[in-house]
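In the block that follows, a single chain appears as structure tokens, in the form predicted alone.
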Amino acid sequence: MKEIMLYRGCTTPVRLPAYEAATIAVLGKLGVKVVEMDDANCCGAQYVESVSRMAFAAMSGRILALAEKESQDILALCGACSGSLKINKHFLDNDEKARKEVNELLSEEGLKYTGKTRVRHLLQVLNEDIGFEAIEKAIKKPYKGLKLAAHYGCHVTRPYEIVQVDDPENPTIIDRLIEIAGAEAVDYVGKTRCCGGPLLAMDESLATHIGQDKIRDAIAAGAQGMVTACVFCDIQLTQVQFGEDTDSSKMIPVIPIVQFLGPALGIKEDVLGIELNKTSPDIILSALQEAK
């Protein structure tokens, strides 16, 4: 069985632990063992990044060095974490002076960054390491008559020359996985637009408006739910559907790709943490067919 080291980040274990649980269960079912990373720190996305370039590089550099020490590649669930680690890996691999400075700091813990470890977003593991064909063969309870919209997230696909996950202008991995599991992937206006999450600290009203527009566009295209591949995006697209100015009758479930794939692979709902979801996934689960 293949192995990969999970970098949880800060948000996942606190606000969306079911995403982690579902990832471990689904990847295990598909032949990839997820191992824990001990003593990891924050990647420094956005906030540290905006204050100090070298502090940002050192924080990601330490995470990369921890995986190197165990001769493991890194699996990142959060789009921001994935983007941070990939960007800083590219920076350290191409800037000898910065790499030397970061390694001087890491040497205090007996760590060293050399660039051997790869950073893999969850979509890369599903698409490249496992492959669509293997996933399709593993489907036991396909969906039927279900229309879903994919949301990819900004940091997952951009900048492409560094992250290299999917086409930033026309991403297809989530759509393909939706189809493989038997549902219909619907196209919609603003598919590649931001969820609004990164603006929350500066302008909550605008961030909410952007997220609500995304949900409305998906519903207008006929989507009965939205499938995500980023922790923060999932949280944002869920929370914008609650509030005084929202219509609960027009709410749709937002679900991580692994929670969507899990039931189709025959994994029990409680293992996937589906009961913790804040938007009811009943319309999705009711579309499951009997086992093959």
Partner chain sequence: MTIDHTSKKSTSKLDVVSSEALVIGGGVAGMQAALDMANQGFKVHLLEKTPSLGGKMAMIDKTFPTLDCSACILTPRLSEVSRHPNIELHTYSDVISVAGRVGDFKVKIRKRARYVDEDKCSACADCVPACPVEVPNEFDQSLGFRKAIYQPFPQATPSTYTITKLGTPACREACPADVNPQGFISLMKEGRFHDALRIFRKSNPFPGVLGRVCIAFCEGECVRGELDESVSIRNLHRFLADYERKHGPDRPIEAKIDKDERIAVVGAGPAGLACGYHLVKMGYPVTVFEAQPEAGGLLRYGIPEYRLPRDILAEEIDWIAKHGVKIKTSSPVESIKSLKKEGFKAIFLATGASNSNKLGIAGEEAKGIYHASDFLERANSGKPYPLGEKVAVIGGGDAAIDSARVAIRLGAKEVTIVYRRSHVELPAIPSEVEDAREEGLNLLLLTNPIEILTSKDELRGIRCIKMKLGEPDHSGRRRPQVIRGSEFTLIVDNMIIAVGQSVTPKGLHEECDCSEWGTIKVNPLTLETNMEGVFAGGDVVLGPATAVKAVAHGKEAAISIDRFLRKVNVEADRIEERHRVRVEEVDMEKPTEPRVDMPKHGVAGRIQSYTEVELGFEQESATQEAERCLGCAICCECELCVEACTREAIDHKMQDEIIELPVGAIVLAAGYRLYDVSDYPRLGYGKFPNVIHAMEYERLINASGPTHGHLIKLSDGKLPKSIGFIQCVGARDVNRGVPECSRVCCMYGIKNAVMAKEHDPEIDVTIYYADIRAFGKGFEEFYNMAKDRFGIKFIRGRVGEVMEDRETGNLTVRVENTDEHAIQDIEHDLVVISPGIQPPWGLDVIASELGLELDETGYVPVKDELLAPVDTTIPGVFACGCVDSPKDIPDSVTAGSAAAMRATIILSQAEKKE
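This structure is a prediction, so every number in the text was calculated from the model and none was measured. Numbering follows the first chain given and starts at 1.
Keep in mind that the form predicted together with its partner chain is not shown, yet the notes after this line are about it.
The closest non-hydrogen atom of D187 lies within 4.5 Å of its partner chain in the predicted bound form. Contact between R193 and its partner chain in the predicted bound form is found at the 4.5 Å heavy atom cutoff.
Under a 4.5 angstroms non-hydrogen atom cutoff, its partner chain in the predicted bound form has A221 among its neighbouring residues.
Contact check for E133: every heavy atom lies farther than 4.5 Å from its partner chain in the predicted bound form. Comment: its partner chain is not present in this chain, but in the predicted bound form one of N94, T114, N170, S71 has a heavy atom within 4.5 Å of it, namely N170. Residues placing heavy atoms within 4.5 Å of its partner chain in the predicted bound form fall in a single listed stretch, namely 162 to 170, out of 162 to 170, 175 to 183, 122 to 130, 138 to 146.
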